[in-house]
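There is one chain below, alone, in structure tokens, taken in the form predicted alone.
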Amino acid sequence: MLILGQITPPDLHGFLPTRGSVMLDFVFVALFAVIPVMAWSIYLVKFRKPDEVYKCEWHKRIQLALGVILLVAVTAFEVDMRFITKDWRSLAEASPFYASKIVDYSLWLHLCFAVPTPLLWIFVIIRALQRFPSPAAPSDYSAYHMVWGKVAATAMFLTAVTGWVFYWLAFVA
């Protein structure tokens, strides 16, 4: 739309019946798929029988796919927030929690998990690719990987939960 010679962005509301942008809506919904897929991948290796080594390779493939998908999603999200939506606050101002700063506090809590989580995932994935045989199978590195995998999975879960809380407080309430 042209106003006084300047181009203004179109209505940036997303596909959900909320005040969120398309990318905020997409990430909100996508995490409802990512968390169960991540849990299923962990289940494959945690509860496998000794002769089911092929499940380790499936775990590897699923985790690599999730890592790539999350990297693309986070990149697209950051591009959207910085260059397209730009001002998420204007979308959140109608929230009853906005003026009291609860939205800001929930965002800061979310960022405490969201910022280190991709770094943890990168660390866990790179170390696993370096230390596990190919095709993937249990090794001397397995115990170490389980510890850091639990940390990364917990961080991902907490990123999702705090993100959902922030989204609800800012764009639904």
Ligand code: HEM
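Note that the structure is predicted; figures quoted are calculated from it, not measured. When you see a residue number, it is the position in the sequence shown, counting from 1.
Another form, the form predicted in complex with the ligand, is not on view; read the next lines as being about it.
The ligand is not shown here, but in the predicted complex it comes within 4.5 Å of a heavy atom of residue 121. Proximity of residue 110 to the ligand in the predicted complex: non-hydrogen atoms within 4.5 Å are absent; the residue sits far from the partner.
In the predicted complex, the ligand sits within 4.5 Å of a heavy atom belonging to residue 152. Contact annotation for residue 26: none of its heavy atoms lies within 4.5 Å of the ligand in the predicted complex. Each of 42, 45 and 138 comes within 4.5 Å of the ligand in the predicted complex, counting any heavy atom.
Residues are counted as partner-facing when one of their heavy atoms sits within 4.5 Å of the ligand in the predicted complex; in 48 to 71 these are 48, 56, 59, 60, 63, 64, in sequence order.
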